[in-house]
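The chain below stands alone, shown as structure tokens; this is the form predicted on its own.
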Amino acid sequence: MIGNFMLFPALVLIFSGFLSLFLRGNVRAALLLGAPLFTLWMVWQISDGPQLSVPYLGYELTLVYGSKLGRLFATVFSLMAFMGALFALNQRSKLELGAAFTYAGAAIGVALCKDLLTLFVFWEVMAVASTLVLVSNGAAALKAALRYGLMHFLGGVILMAGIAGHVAQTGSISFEAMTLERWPEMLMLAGILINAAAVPLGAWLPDAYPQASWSGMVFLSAFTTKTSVFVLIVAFPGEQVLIWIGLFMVFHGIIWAILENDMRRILAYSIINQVGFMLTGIGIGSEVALNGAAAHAFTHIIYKALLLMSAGSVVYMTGKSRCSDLGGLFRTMPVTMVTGVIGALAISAFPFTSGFVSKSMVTQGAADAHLSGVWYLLVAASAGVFLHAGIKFPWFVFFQKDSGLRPSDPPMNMQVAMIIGAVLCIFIGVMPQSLYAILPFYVDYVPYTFSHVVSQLQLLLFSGLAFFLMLGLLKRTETITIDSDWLWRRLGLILANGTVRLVVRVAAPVRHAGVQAVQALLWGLNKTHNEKGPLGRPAQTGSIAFLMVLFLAIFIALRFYS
């Protein structure tokens, strides 16, 4: 049935992003701040079940479908659009905010759809819009944007091939739980994992995100990888391969973040690390683990945005991003420092912050499933997160040495956006039931037990001690971090150039032999067809008639005996 298109929240943000390109001043600001809040209101007007469907080529496209999981993700995407718009009101590039709103609207479209075709359309809109967010930062980001776009369009092609195969084999376009028993579902998983920044095809994230503007990376951090988490929760819950992919991402992100000098690349690798926790929970597949993956995606979007707003404020006020160029900023940027520290505590799962009440559900899921090895690895990874994002980022940027820089806090709208993010991090940490009430499954989990709080504090304190004991080793200088993208950015170029040289070397004698053969053929034709040659001299009519009769006789004989 065709429903009411006013129940299509995704279109509100997409249309607002397009309209913002033609507005200016207070009218534009009012639109950018009002559209996400109106979208949030619309999301909570959607009841469970199909709300908006249209027929298409014999299929029923369910454009809007109400569910607790979809509502959860659409809610945080709307909140993120509001916080990002408030933070980016000073952004001169109109293209960035227009593309960012289209990006956010498409993410909400993914969260609320119930068929694979609609999913794919919004998936590709996200790829185009996020690429434009990068492009809007100018010439410095063009190469990174090109690499980013190529990776995401590759993932889209693989996803579409999987969807086509799935529909051909099953006849269904329903977006629901699947298994990895057939090749189409395997292709779909591969396409989704590219967007999730799964190693080894996740190097596009730290390559591209830090090339965005001071506000653009805030938007980029929120949608692409988290929509992938949403799709995996719906389509592939309990697939154990995701446990090992997730754990590999967890430690890959930690190690590369510790090696980094650029604060935004540190936080980019931290995204890979945190998505790894979510994929591990999805792979475990129990209700508590899936709740943990969904809750952690929700809280991660907020505290990661807070961290990147803090880092973006530093870039906006100083023009610097490398830790070795920063330090001592707490003196003149107190709001940026305090909110950044709150984000760092939240990502480290410090008690009474949002990360504590979400990440612990994933580790509890591993314990309930008797996956002791997975549980120990997740606990160890929590300590690693505190090392690189919880301490390293705020310590080198705001404390440690005095860089001599004396920037003030950023404009008031940017401060308010950071304060909202910090308040949400603390509110969810103190009142976890406000989040647990909107999770997809019933929550029978109490995060604040004495043993859990004490063990987490011990873990964080010993991680902090290790950081300061190894402080000399963690100080960064000018370095180049080589990630898996080296395989196609450098090794691939070397192989391509080598192949060209080999072809040229092999082709030279072949070309010479070919030229000689053609010359010999032309010489032979000239000898036989010139005026003195046997086929070039004038022939008498009788001779031609005799040859025709001879050829006719041979033809009749062959036909008779065949």
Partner chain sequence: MKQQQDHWLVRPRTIKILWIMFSVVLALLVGADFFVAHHPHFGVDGLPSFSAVFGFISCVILVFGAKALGLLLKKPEDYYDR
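Model, not experiment: these values are computed from the prediction. Residue numbers count along the first chain shown, from 1.
One more form of this protein exists, namely the form predicted together with its partner chain; it is left out here, but the text below deals with it.
Among heavy atoms of K94, none comes within 4.5 Å of its partner chain in the model of the complex. Remark: Q458 counts among the residues lining its partner chain in the model of the complex, judged by a heavy atom distance of 4.5 Å or less.
In the model of the complex, its partner chain lies within 4.5 Å of some heavy atom of I255. Proximity of S372 to its partner chain in the model of the complex: non-hydrogen atoms within 4.5 Å are present. Only one segment in the set 460 to 468, 413 to 421, 311 to 319, 129 to 137 has residues whose heavy atoms sit within 4.5 Å of its partner chain in the model of the complex; it is 460 to 468. Note on the partner interface in the model of the complex: the residue among V234, A383, V199, A144 having a heavy atom within 4.5 angstroms of its partner chain is A383. Among the residues A164, L154, V379, M186, the one placing a heavy atom within 4.5 Å of its partner chain in the model of the complex is V379. Contact annotation for 330 to 352: residues with any non-hydrogen atom within 4.5 angstroms of its partner chain in the model of the complex are F330, R331, listed in sequence order.
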